[in-house]
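Single chain ahead, by itself, as C-alpha coordinates, in the form predicted on its own.
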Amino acid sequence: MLAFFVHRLGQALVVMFVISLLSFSIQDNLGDPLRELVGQSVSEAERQQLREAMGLNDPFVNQYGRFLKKALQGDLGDSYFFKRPALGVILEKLPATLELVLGATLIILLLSVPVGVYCAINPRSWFSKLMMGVSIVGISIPVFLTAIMLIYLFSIHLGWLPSFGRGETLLIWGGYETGLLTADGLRHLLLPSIALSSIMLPLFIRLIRSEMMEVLEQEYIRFAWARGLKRQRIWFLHALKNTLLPVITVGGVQIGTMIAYTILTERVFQWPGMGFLFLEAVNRVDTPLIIAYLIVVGLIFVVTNTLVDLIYGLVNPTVRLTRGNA
(Lines give C-alpha, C1' and ligand atoms only; values in the text may rest on other atoms or scores of the structure.)
Protein backbone atom coordinates (compact mmCIF):
# COMPACT_ATOMS: atom_id res chain seq x y z
CA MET A 1 0.00 0.00 0.00
CA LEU A 2 2.90 2.37 0.73
CA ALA A 3 4.36 1.84 -2.74
CA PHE A 4 0.95 2.50 -4.27
CA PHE A 5 0.65 5.73 -2.26
CA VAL A 6 4.14 6.91 -3.27
CA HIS A 7 3.36 6.12 -6.91
CA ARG A 8 0.12 8.15 -6.83
CA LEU A 9 1.82 11.00 -4.98
CA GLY A 10 4.52 11.18 -7.63
CA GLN A 11 1.88 11.31 -10.36
CA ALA A 12 0.03 14.06 -8.50
CA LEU A 13 3.19 16.19 -8.25
CA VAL A 14 3.86 15.81 -11.97
CA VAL A 15 0.28 16.79 -12.82
CA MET A 16 0.47 19.85 -10.56
CA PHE A 17 3.72 20.91 -12.23
CA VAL A 18 2.06 20.69 -15.66
CA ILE A 19 -1.00 22.60 -14.42
CA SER A 20 1.16 25.39 -12.99
CA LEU A 21 3.18 25.58 -16.22
CA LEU A 22 0.09 25.77 -18.43
CA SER A 23 -1.63 28.26 -16.11
CA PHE A 24 1.36 30.57 -16.08
CA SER A 25 1.95 30.29 -19.83
CA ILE A 26 -1.47 31.73 -20.76
CA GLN A 27 -0.88 35.10 -19.11
CA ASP A 28 0.55 36.65 -22.27
CA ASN A 29 -2.67 35.83 -24.13
CA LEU A 30 -5.01 37.49 -21.63
CA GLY A 31 -4.16 41.11 -22.42
CA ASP A 32 -1.98 43.78 -20.87
CA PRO A 33 -1.97 43.50 -17.03
CA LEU A 34 -0.73 47.09 -16.74
CA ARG A 35 -4.11 48.33 -17.93
CA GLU A 36 -5.69 47.36 -14.63
CA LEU A 37 -2.77 48.68 -12.61
CA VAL A 38 -2.21 52.10 -14.15
CA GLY A 39 -5.15 52.75 -16.47
CA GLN A 40 -4.87 54.53 -19.83
CA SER A 41 -3.35 57.83 -18.71
CA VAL A 42 0.21 56.56 -18.24
CA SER A 43 2.63 57.15 -21.12
CA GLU A 44 4.22 54.34 -23.09
CA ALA A 45 7.65 55.11 -21.64
CA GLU A 46 6.32 54.77 -18.11
CA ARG A 47 4.60 51.53 -19.07
CA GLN A 48 7.88 50.10 -20.31
CA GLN A 49 9.60 51.10 -17.07
CA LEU A 50 6.89 49.34 -15.08
CA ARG A 51 7.17 46.25 -17.26
CA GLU A 52 10.91 46.15 -16.60
CA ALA A 53 10.39 46.65 -12.87
CA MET A 54 7.78 43.86 -12.73
CA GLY A 55 9.95 41.52 -14.83
CA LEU A 56 7.34 41.22 -17.58
CA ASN A 57 10.01 41.65 -20.28
CA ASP A 58 12.18 38.83 -18.91
CA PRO A 59 12.39 35.48 -20.74
CA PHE A 60 9.58 33.05 -20.00
CA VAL A 61 11.87 30.60 -18.19
CA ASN A 62 13.04 33.32 -15.78
CA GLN A 63 9.48 34.50 -15.12
CA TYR A 64 8.23 30.96 -14.51
CA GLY A 65 11.19 30.17 -12.27
CA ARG A 66 10.38 33.14 -10.03
CA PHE A 67 6.71 32.21 -10.03
CA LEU A 68 7.38 28.56 -9.13
CA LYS A 69 9.73 29.52 -6.31
CA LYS A 70 7.09 31.80 -4.77
CA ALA A 71 4.29 29.30 -5.44
CA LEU A 72 6.10 26.64 -3.43
CA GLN A 73 6.00 29.11 -0.52
CA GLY A 74 2.26 29.70 -0.97
CA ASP A 75 2.64 33.02 -2.82
CA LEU A 76 0.75 33.11 -6.13
CA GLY A 77 1.09 36.87 -6.56
CA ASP A 78 -1.07 39.84 -5.65
CA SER A 79 -4.40 40.52 -7.32
CA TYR A 80 -4.28 43.66 -9.47
CA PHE A 81 -7.87 44.56 -8.58
CA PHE A 82 -8.07 43.60 -4.89
CA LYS A 83 -4.49 44.73 -4.11
CA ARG A 84 -3.83 41.71 -1.89
CA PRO A 85 -2.63 38.11 -2.25
CA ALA A 86 -4.56 36.30 -4.99
CA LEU A 87 -4.55 33.03 -3.06
CA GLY A 88 -6.24 34.71 -0.10
CA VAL A 89 -8.95 36.13 -2.36
CA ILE A 90 -9.56 32.68 -3.87
CA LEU A 91 -9.72 31.00 -0.46
CA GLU A 92 -12.33 33.53 0.69
CA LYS A 93 -14.62 32.40 -2.14
CA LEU A 94 -13.78 28.70 -1.81
CA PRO A 95 -16.38 27.88 0.93
CA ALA A 96 -19.26 29.09 -1.26
CA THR A 97 -18.12 26.92 -4.17
CA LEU A 98 -17.51 23.86 -1.98
CA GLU A 99 -20.97 24.18 -0.43
CA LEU A 100 -22.50 24.36 -3.90
CA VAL A 101 -20.62 21.23 -4.96
CA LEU A 102 -21.57 19.52 -1.69
CA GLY A 103 -25.25 20.28 -2.26
CA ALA A 104 -25.10 18.95 -5.82
CA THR A 105 -23.21 15.84 -4.69
CA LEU A 106 -25.81 15.02 -2.04
CA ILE A 107 -28.61 15.35 -4.59
CA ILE A 108 -26.74 13.06 -6.99
CA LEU A 109 -26.09 10.40 -4.34
CA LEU A 110 -29.59 10.46 -2.87
CA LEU A 111 -31.27 10.13 -6.26
CA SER A 112 -28.90 8.21 -8.52
CA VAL A 113 -28.37 5.15 -6.31
CA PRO A 114 -32.03 4.23 -5.64
CA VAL A 115 -33.18 5.19 -9.15
CA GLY A 116 -30.27 3.37 -10.83
CA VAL A 117 -30.81 0.23 -8.73
CA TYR A 118 -34.55 0.22 -9.40
CA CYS A 119 -34.01 0.63 -13.15
CA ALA A 120 -31.56 -2.28 -13.12
CA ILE A 121 -33.89 -4.57 -11.15
CA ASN A 122 -36.97 -3.58 -13.17
CA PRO A 123 -35.62 -2.66 -16.63
CA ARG A 124 -38.97 -3.12 -18.38
CA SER A 125 -41.11 -1.04 -16.01
CA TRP A 126 -42.63 2.22 -17.18
CA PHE A 127 -40.68 4.14 -14.54
CA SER A 128 -37.36 2.72 -15.79
CA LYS A 129 -38.18 3.64 -19.37
CA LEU A 130 -39.22 7.12 -18.24
CA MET A 131 -35.99 7.61 -16.29
CA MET A 132 -33.85 6.49 -19.24
CA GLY A 133 -35.64 8.94 -21.51
CA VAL A 134 -35.37 11.77 -19.00
CA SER A 135 -31.68 11.02 -18.45
CA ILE A 136 -30.96 11.42 -22.16
CA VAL A 137 -32.71 14.78 -22.15
CA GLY A 138 -30.87 15.78 -18.96
CA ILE A 139 -27.47 15.01 -20.48
CA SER A 140 -28.34 17.04 -23.59
CA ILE A 141 -29.47 20.26 -21.85
CA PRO A 142 -26.67 22.71 -20.90
CA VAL A 143 -26.44 23.62 -17.22
CA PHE A 144 -27.04 27.33 -17.82
CA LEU A 145 -30.30 26.56 -19.62
CA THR A 146 -31.41 24.31 -16.75
CA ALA A 147 -30.55 27.10 -14.31
CA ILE A 148 -32.59 29.65 -16.26
CA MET A 149 -35.60 27.31 -16.40
CA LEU A 150 -35.38 26.68 -12.65
CA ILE A 151 -35.25 30.42 -11.94
CA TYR A 152 -38.25 31.08 -14.16
CA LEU A 153 -40.33 28.27 -12.66
CA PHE A 154 -39.51 28.38 -8.93
CA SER A 155 -38.47 32.03 -8.49
CA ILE A 156 -40.41 34.11 -11.01
CA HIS A 157 -43.53 32.02 -11.70
CA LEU A 158 -44.11 30.31 -8.35
CA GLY A 159 -42.06 32.61 -6.11
CA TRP A 160 -40.99 29.76 -3.84
CA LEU A 161 -37.20 30.17 -3.86
CA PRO A 162 -34.71 33.05 -4.28
CA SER A 163 -33.10 33.44 -7.68
CA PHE A 164 -29.68 34.84 -6.83
CA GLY A 165 -27.12 35.35 -4.08
CA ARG A 166 -25.98 33.19 -1.20
CA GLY A 167 -28.41 34.38 1.45
CA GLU A 168 -27.70 34.70 5.16
CA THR A 169 -24.38 33.25 6.32
CA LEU A 170 -22.67 32.60 9.64
CA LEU A 171 -19.02 32.81 10.63
CA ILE A 172 -17.72 29.67 12.33
CA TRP A 173 -14.31 28.28 13.24
CA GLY A 174 -12.74 31.70 13.45
CA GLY A 175 -13.61 32.96 9.98
CA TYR A 176 -15.20 30.20 7.88
CA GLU A 177 -18.35 31.65 6.32
CA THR A 178 -21.16 29.17 5.72
CA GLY A 179 -24.77 29.31 4.65
CA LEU A 180 -25.50 25.70 5.61
CA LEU A 181 -26.49 26.65 9.15
CA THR A 182 -29.21 29.15 8.25
CA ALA A 183 -32.64 28.55 6.71
CA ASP A 184 -32.16 31.45 4.29
CA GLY A 185 -28.77 30.10 3.22
CA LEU A 186 -30.24 26.66 2.51
CA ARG A 187 -33.08 28.19 0.49
CA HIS A 188 -30.57 30.10 -1.64
CA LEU A 189 -28.47 26.94 -2.07
CA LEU A 190 -31.28 24.70 -3.33
CA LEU A 191 -31.77 25.93 -6.91
CA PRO A 192 -28.04 26.26 -7.76
CA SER A 193 -27.41 22.77 -6.35
CA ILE A 194 -30.21 21.27 -8.44
CA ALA A 195 -28.91 23.02 -11.56
CA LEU A 196 -25.33 21.85 -10.94
CA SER A 197 -26.42 18.28 -10.17
CA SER A 198 -28.32 18.10 -13.46
CA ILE A 199 -24.98 17.71 -15.26
CA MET A 200 -23.95 14.49 -13.50
CA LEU A 201 -27.21 13.00 -12.20
CA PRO A 202 -28.33 11.42 -15.52
CA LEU A 203 -24.81 10.05 -16.05
CA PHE A 204 -24.75 8.40 -12.61
CA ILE A 205 -28.23 6.91 -13.00
CA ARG A 206 -27.29 5.30 -16.30
CA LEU A 207 -23.89 4.18 -14.96
CA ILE A 208 -25.34 2.51 -11.85
CA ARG A 209 -28.08 0.88 -13.91
CA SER A 210 -25.70 -0.57 -16.49
CA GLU A 211 -23.14 -1.75 -13.91
CA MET A 212 -25.83 -3.31 -11.71
CA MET A 213 -27.41 -5.14 -14.65
CA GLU A 214 -24.00 -6.54 -15.56
CA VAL A 215 -23.32 -7.65 -11.98
CA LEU A 216 -26.72 -9.33 -11.73
CA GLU A 217 -25.67 -11.63 -14.59
CA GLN A 218 -22.54 -12.86 -12.79
CA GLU A 219 -22.21 -16.47 -11.63
CA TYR A 220 -21.96 -15.66 -7.92
CA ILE A 221 -25.30 -13.81 -8.09
CA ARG A 222 -26.90 -16.86 -9.71
CA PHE A 223 -25.36 -19.01 -7.00
CA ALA A 224 -26.85 -16.68 -4.36
CA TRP A 225 -30.27 -17.12 -5.97
CA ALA A 226 -29.77 -20.89 -6.00
CA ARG A 227 -28.96 -20.85 -2.28
CA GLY A 228 -32.31 -19.24 -1.64
CA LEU A 229 -31.02 -15.95 -0.19
CA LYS A 230 -33.48 -13.14 0.20
CA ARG A 231 -33.68 -10.91 -2.84
CA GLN A 232 -33.01 -7.76 -0.79
CA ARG A 233 -29.75 -9.33 0.45
CA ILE A 234 -28.73 -10.29 -3.08
CA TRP A 235 -29.57 -6.89 -4.56
CA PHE A 236 -28.20 -4.56 -1.90
CA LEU A 237 -25.41 -6.60 -0.27
CA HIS A 238 -23.90 -8.70 -3.04
CA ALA A 239 -24.82 -6.86 -6.25
CA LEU A 240 -24.80 -3.21 -5.17
CA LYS A 241 -21.49 -3.52 -3.31
CA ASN A 242 -19.69 -4.62 -6.48
CA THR A 243 -21.64 -2.16 -8.61
CA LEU A 244 -20.24 0.75 -6.62
CA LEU A 245 -16.59 -0.10 -7.32
CA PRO A 246 -16.46 1.52 -10.80
CA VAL A 247 -18.87 4.22 -9.62
CA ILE A 248 -16.32 5.30 -6.99
CA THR A 249 -13.71 5.97 -9.67
CA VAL A 250 -16.05 7.78 -12.04
CA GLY A 251 -17.63 9.67 -9.14
CA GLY A 252 -14.32 11.03 -7.92
CA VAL A 253 -13.43 12.32 -11.37
CA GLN A 254 -16.85 13.88 -11.90
CA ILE A 255 -17.01 15.54 -8.48
CA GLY A 256 -13.66 17.15 -9.20
CA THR A 257 -14.98 18.22 -12.60
CA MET A 258 -18.00 19.87 -10.98
CA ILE A 259 -15.67 22.45 -9.43
CA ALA A 260 -15.03 23.72 -12.96
CA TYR A 261 -18.71 23.46 -13.96
CA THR A 262 -19.64 25.83 -11.13
CA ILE A 263 -18.52 28.75 -13.32
CA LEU A 264 -21.75 28.76 -15.36
CA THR A 265 -23.97 27.96 -12.38
CA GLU A 266 -22.45 30.71 -10.24
CA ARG A 267 -22.74 33.17 -13.10
CA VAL A 268 -26.46 32.55 -13.63
CA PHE A 269 -27.33 32.57 -9.92
CA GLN A 270 -24.84 35.35 -9.02
CA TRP A 271 -23.37 32.91 -6.51
CA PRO A 272 -20.31 34.52 -4.83
CA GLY A 273 -17.93 31.62 -5.35
CA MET A 274 -14.65 30.98 -7.14
CA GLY A 275 -16.25 30.54 -10.56
CA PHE A 276 -17.99 33.91 -10.45
CA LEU A 277 -14.74 35.48 -9.22
CA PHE A 278 -12.84 33.85 -12.08
CA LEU A 279 -15.09 35.40 -14.72
CA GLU A 280 -14.66 38.82 -13.13
CA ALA A 281 -10.89 38.30 -13.09
CA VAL A 282 -10.92 37.46 -16.81
CA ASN A 283 -12.85 40.65 -17.60
CA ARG A 284 -10.36 42.70 -15.58
CA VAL A 285 -7.29 40.86 -16.92
CA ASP A 286 -6.35 40.13 -13.31
CA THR A 287 -3.63 37.65 -14.27
CA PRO A 288 -2.47 36.60 -10.76
CA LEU A 289 -6.07 35.89 -9.76
CA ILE A 290 -6.70 33.84 -12.92
CA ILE A 291 -3.55 31.79 -12.39
CA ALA A 292 -4.37 31.28 -8.70
CA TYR A 293 -7.85 30.04 -9.61
CA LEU A 294 -6.56 27.55 -12.17
CA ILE A 295 -3.95 26.19 -9.77
CA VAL A 296 -6.38 25.88 -6.84
CA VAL A 297 -8.99 24.12 -9.01
CA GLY A 298 -6.29 21.87 -10.43
CA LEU A 299 -5.08 21.05 -6.91
CA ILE A 300 -8.61 20.19 -5.78
CA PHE A 301 -9.05 17.96 -8.84
CA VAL A 302 -5.70 16.20 -8.26
CA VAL A 303 -6.30 15.69 -4.52
CA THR A 304 -9.82 14.36 -5.16
CA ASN A 305 -8.64 11.86 -7.74
CA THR A 306 -5.70 10.77 -5.60
CA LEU A 307 -7.99 10.11 -2.65
CA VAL A 308 -10.42 8.22 -4.88
CA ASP A 309 -7.60 6.03 -6.18
CA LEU A 310 -6.45 5.30 -2.64
CA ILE A 311 -9.99 4.44 -1.53
CA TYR A 312 -10.44 2.24 -4.59
CA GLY A 313 -7.15 0.55 -3.78
CA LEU A 314 -8.38 -0.22 -0.27
CA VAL A 315 -11.71 -1.55 -1.52
CA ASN A 316 -10.19 -3.54 -4.38
CA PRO A 317 -6.68 -4.84 -3.44
CA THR A 318 -6.04 -6.15 -6.96
CA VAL A 319 -5.74 -2.56 -8.19
CA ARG A 320 -2.83 -1.61 -5.93
CA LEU A 321 -1.14 -4.96 -6.56
CA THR A 322 -1.34 -4.47 -10.32
CA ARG A 323 -0.12 -0.85 -10.20
CA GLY A 324 2.55 -1.71 -7.67
CA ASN A 325 3.98 -4.37 -9.99
CA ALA A 326 3.82 -1.92 -12.89
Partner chain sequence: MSRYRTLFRQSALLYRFRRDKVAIASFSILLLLLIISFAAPFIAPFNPYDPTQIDIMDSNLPPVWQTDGDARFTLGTDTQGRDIWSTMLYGTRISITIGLFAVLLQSLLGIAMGLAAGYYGGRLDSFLMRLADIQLSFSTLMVAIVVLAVFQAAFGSELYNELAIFMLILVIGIAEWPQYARTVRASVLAEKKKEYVDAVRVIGLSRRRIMFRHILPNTLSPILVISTVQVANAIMSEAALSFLGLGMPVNQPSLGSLINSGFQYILSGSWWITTFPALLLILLVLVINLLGDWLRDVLNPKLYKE
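The model shown is predicted, which means the values in this text are computed figures rather than measured ones. Positions refer to the first chain, counted from 1.
The same protein also has a form predicted together with the partner chain, omitted here; what follows describes it.
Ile156 is the sole member of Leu181, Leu110, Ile172, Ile156 with a non-hydrogen atom within 4.5 Å of the partner chain in the predicted complex. Site annotation in the predicted complex: the residue of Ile139, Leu190, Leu98, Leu91 reaching within 4.5 Å of the partner chain with a heavy atom is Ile139.
The candidate spot formed by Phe67, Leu102 and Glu168 lies out of contact with the partner chain in the predicted complex, as no residue has a heavy atom within 4.5 Å of it. Residue contact check for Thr249: one or more of its heavy atoms lie within 4.5 Å of the partner chain in the predicted complex. Contact check for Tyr293: a heavy atom falls within 4.5 Å of the partner chain in the predicted complex. In the predicted complex, the partner chain sits within 4.5 Å of a heavy atom belonging to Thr257. In the predicted complex, no heavy atom of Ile300 sits within 4.5 Å of the partner chain.
Heavy atoms within 4.5 Å of the partner chain in the predicted complex are found in exactly one of 81 to 89, 182 to 190, 68 to 76, 140 to 148, that being 140 to 148. With contact defined as any non-hydrogen atom lying within 4.5 angstroms of the partner chain in the predicted complex, the stretch 218 to 243 contains no contacting residue.
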